[in-house]
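Quick heads-up: the structure tokens below are two forms of one chain, split into structure 1 and structure 2.
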Structure 1
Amino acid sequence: MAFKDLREFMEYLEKKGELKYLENKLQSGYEISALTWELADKLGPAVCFKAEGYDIPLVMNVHGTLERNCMALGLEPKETEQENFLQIRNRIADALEHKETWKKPVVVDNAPCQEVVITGDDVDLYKIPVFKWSPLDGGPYITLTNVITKDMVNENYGQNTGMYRVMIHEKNKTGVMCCATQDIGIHIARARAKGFKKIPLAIALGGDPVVNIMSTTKMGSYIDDEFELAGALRGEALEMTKCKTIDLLVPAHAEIILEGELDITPEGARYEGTFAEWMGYYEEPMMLPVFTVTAITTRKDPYYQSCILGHPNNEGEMIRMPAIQANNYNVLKRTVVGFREFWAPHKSRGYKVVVQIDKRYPGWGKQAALAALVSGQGMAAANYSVVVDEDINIFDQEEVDWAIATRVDPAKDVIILPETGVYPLNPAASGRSDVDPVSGYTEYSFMGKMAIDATKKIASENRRPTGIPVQPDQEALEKVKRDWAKYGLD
């Protein structure tokens, strides 16, 4: 089941009791942020409302639960968060592995996203209800973005869409979060090497919910096109249209499109931030490239879809949690001996990863722990990995902690890797390069990594074997369960 656009999905959610229209106008970005914080706390519904001083309605918390993200992908929601996570992740992981199911976008004219076209001096980002969401934010932030770029060197490579933070500097200028570990960073580096000073960039806001999910997915290859993968997940090709002022394709049924050019010269960079980020901390200002908007195109009477970050159940995290782990799951499935399962707990914001294996030989636990850290995403984002046996439910962090507490000799089972460059927004990093001497941007933080082998130890590892976990007699336990009512304990 493919949703053509945000509006179709909103209609579906309203019928399911998952979308509420608010009568009162909200007075500020802080009030909006507080409202969506409470919705995240309660895993509440999506909401649509207006803000004081604006005619464009805001739509928020659309992706705020895994159940709604299942619906977006045409999956029947299950009863538990674990079940919903697994079916979303497995759906994306399977599509990533089967490129023959991908569908190239269909290019259309007279797209709904271009019913209204604003160019030149009339471009004014402040007419969109974009707010300073949190007290220490450096300015108003456009969130829940689909930032679209392409490789300027090889036209056969696919376009990239990524969900990056965008702070408004002026009525027609913003910063755009990018770093070397992201596809947009690769696009910038390759264009610079060929002498480009600017590259085309578009930001799509409010569209088919699958496109938002794709914006957070780590693809198997830099040259892959997320929009083709979206076609596989939708079951039909995505309709896209050519921008009015730049040479990029954008989702035809988006609510709002920002078109323009990104200045990729080091001297064109500008500080932005701080910002209340998805990992739960205000992150320091960053030196980032500047995006100059040449056109704003919209639907008639558009909606502005947005989100706030920082809460453990923030909307961005609910989108990226299963999507970003799909490729990691595929990589570890191929490279880890005895692999069974992989999980990066969303309340640890993905900085902790857990691998479950069927351990049969010495050293398998350490091999798995290191493999989880040296994958591309693992090296960029994971601070430490934990490997456990099949008797540990990796989705239950108390069980994982029990395995760490009772199966780990820190002198033998913990490996500390030397400091390396990581994603710049890592709050645990001991240092950060404020301005990279090569790119001129804030590109990296620097920190070590930790691999923890929390598997049961066996005699062939030349050490005292782990004891046998205590369990009741299974026949007796089954009898007790069958006879529970007879004990009068109901």
Structure 2
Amino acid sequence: MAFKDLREFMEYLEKKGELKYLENKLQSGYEISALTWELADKLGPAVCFKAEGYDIPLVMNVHGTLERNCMALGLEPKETEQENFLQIRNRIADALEHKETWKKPVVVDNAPCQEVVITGDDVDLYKIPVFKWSPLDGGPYITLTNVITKDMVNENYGQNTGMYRVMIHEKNKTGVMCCATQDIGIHIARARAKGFKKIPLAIALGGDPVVNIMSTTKMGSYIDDEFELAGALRGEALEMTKCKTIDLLVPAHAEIILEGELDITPEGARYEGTFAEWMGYYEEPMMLPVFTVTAITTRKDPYYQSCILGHPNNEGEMIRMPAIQANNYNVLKRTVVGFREFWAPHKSRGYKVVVQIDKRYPGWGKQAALAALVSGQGMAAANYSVVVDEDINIFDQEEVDWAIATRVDPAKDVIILPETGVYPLNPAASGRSDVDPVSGYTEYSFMGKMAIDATKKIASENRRPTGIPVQPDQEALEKVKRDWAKYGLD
């Protein structure tokens, strides 16, 4: 079961009571941002509304709960966050592993996303209701993007789509947040090495919700085509169409497409930011490449889909968290003996990773803790890991803390790794925000990593073995439970 476009998904959500149309116009970006902040807090519905001064309606918080992300993937939502996280993560992890299920996009003409074509001097990004969301933001930000690029060196490699923030500089110019460690950063570095000064880039806004989910997924390889993976998850190939002014394919049923060229020369970069980012801090300004928009194509009456970040339950985390962990999960399943489960809690913004194992060998907790730290590339890389045994519920951070408090000798069970290159948006990282003439943007970002082995210690590790966890006598406990009413305690 696949949704053709955002509209079909909106209809579906409205029927389920998961989308509300607001009657009043909202007056400013700050008001919209405050409203969606509150909606994130309450895990509230998606909303569609108009903003004062604009014709194009906004749609926000579509991906704001794991339940709705299940629906986007055709999965029946379950009771708990944990169950929904697992079913989304497992669905994507499974599709990633089964390349035989991937479906090549079908290229169509007369695409809905090109019903209106605006080129040249008529291109004006300020006609789209893009706002400055937060008081310290450096400008208006397009947030829920599908930024499409291709490899300029090998034409057999697939197209990439990534969700990267885009700040408007001028009516036809934006920045694009292109970290060296993300797939777009790899495309830029490879193109630069071959002497390219510009690369074609398209941004698809609003569409089949599976495409949005793909843009937050780490495939583990920049070579593979995220749109083919989308076909596997939809159960049907995605329809795409050729851009009007550049050589890229874009989703045919998107609401709005921005086409253009990204200047990848170090001299062409410009500061953008600050921005109220998902990790809960304002991100300082960054030197980033500039995207010149050569065409805006849209549906006849487009919707503009957007989101804000920053809140612990922000929409970006709800969409990103299960998707970005799918590849790490596959890697850990393959590499860690006794691997059971893995979770990077979204309130720790994915920087903390908890791994559960059946410990089969002395020292294996540390082995697993190190594997977890290197299981992901770019934004999927954690900076600290905790490994626990089968008796600890990794979805309950208080239980994880109990394991750390009672099974860890900090002198023996914590491994501190020296500084490594990391995804630069970790607020605790050093260095930042520069243009490396060779490799790309935001190259300089270092921090150490910490691995905590919170597994039970055994004698063959030359340790006083971890004690036996306390449980009441089982027979007595069953009797007490059975006879509960008789105690008059209710």
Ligand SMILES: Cc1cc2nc3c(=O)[nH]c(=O)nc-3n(C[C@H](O)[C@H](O)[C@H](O)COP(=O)(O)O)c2cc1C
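Given the structure is predicted, the values throughout are model-derived calculations rather than measurements. Each form is matched to the other, and the largest set of C-alpha atoms that superpose within 1.5 Å is called the rigid core. Residue numbering: sequential along structure 1, first residue numbered 1.
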(Q) Quick check on the two chains I just loaded: which one is the form predicted on its own, 1 or 2? (A) 1
Q.
Please state whether residue 479 has a C-alpha shift of 2 Å or more between structures 1 and 2, with the rigid core used for the fit.
A. yes
